[in-house]
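The form predicted alone is given below as one chain in C-alpha cells.
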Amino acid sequence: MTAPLKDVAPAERARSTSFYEASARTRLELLLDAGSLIEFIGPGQREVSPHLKIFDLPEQFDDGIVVGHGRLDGSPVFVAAQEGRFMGGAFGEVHGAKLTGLLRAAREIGTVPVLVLFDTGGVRLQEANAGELAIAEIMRAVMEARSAGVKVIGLIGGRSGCYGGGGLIAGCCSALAVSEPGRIAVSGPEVIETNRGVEEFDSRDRALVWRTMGGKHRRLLGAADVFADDNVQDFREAALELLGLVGPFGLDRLKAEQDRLAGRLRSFGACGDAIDIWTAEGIADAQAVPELPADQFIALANRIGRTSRDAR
C-alpha cells in the first residue's frame, strides 16, 4: 500500500511533485528546508489590490505572490513565488510592492540571497500604469541588491511561463534555472501574432511556441544557466548549484554580458527558427531536441549550451 503523500520524506515528496502543477506555496514549502518558510504579509493581513474591485474582478488576499524567508540546505534565503493560477501571475501594484520590498530588504542585509519563482504573463491590464511602474521598481531593486553583493536567482517552470515584465526582471537576475515548460519571453505568442501577423508567428503552432520560447531553447542559447526536470527537488538542486556558481557583480560582468549578447546576435541573427540555431551550434540531430528526455537534454546542454560564468 502506498503511503499518503504527507507521510513521504520531504525530498521524495519534492521529487514526485510537479513544479508546473504545484501552487506557489507548495513550491516554496518543498523547495526550502522542511518547516522553515516564514511568510511576510500573508493572506491574513489581506493586502489586496485596490484596483480589481473597480472592474468587479475577484481579489486574492496575498495578491498572487508569496514572499518570505526560510532556509535552503541550512542557509538563510529570501523567497518570492508568483501564483500563476491567480490572474496568470500578473504584476499589479500590491503584487509588485511585495517583491520590491523583499529585494530592498535583501539589499540592506547584503548577505542573504533571493530566490524568485517566476510564474507570470506580465502586467495586469487593469493596473497597467501601476503594474508597469512596479516592473521598473523591481528591476531597479534587483540591480541594487546585486550591486550590494546579493545573489538573485530566478526559477522558471510555472504554467504561465515568464512573459512581459517578468521576462525583463528575469534578465536582470544573477542566474536562471528553467524547466521545459518554463517559457521566457517579453512578448507572448498572441501578442506577436496580433502585431506582426500569423505569417510572422503562429500562436496556435504549439511546437513553434515551445521551441522558440521554451526552456530547452533558452538553456541552449545561454539565456538560462541550468536546466531542471519538472519537479520541485530538481529546482531545489538547481538553486543550490547556482548559488555556488554565481560570482560578484560589477561593471566587468555587465560588459561581459553585453559581449555575450552581441556574439549571440552575430552567430544566430540570420537564423529563422530555433532548429536553425541548434544546427548552427553543432547539434547533429537538431530536430530531435524537443523530444529528448531531461537527462539526455541536460547532458547535451552541458556540452553545447552557451552559458558564460563571467557574464550576466
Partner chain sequence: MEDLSFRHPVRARAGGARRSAIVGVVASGNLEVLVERVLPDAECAVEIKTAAVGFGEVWSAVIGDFVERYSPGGLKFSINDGGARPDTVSLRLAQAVRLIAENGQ
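Source: prediction; values computed, not measured. Positions refer to the first chain, counted from 1.
Omitted from view is the form predicted in complex with its partner chain, to which the following refers.
Fill in: Distance check, residue 57 to its partner chain in the model of the complex, heavy atom within 4.5 Å
Judged by the heavy-atom cut-off of 4.5 Å, residue 57 is in contact with its partner chain in the model of the complex.
Discussion item. Considering non-hydrogen atoms and a 4.5 Å limit, does its partner chain approach residue 234 in the model of the complex?
Written reply: Residue-level check for residue 234: no, no contact with its partner chain.
Worksheet entry | Proximity of residue 248 to its partner chain in the model of the complex, heavy atoms at 4.5 Å | No - in the model of the complex, heavy atoms of residue 248 and its partner chain never come within 4.5 Å of each other.
Discussion item. With a cut-off of 4.5 Å between heavy atoms, is residue 44 one of the residues that contacts its partner chain in the model of the complex?
Written reply: Residue 44: contacts its partner chain in the model of the complex.
Practice prompt. Scan 13-32 and write down, in order along the chain, each residue with a heavy atom lying within 4.5 Å of its partner chain in the model of the complex.
Written response: Sequence-ordered list has one entry, 25.
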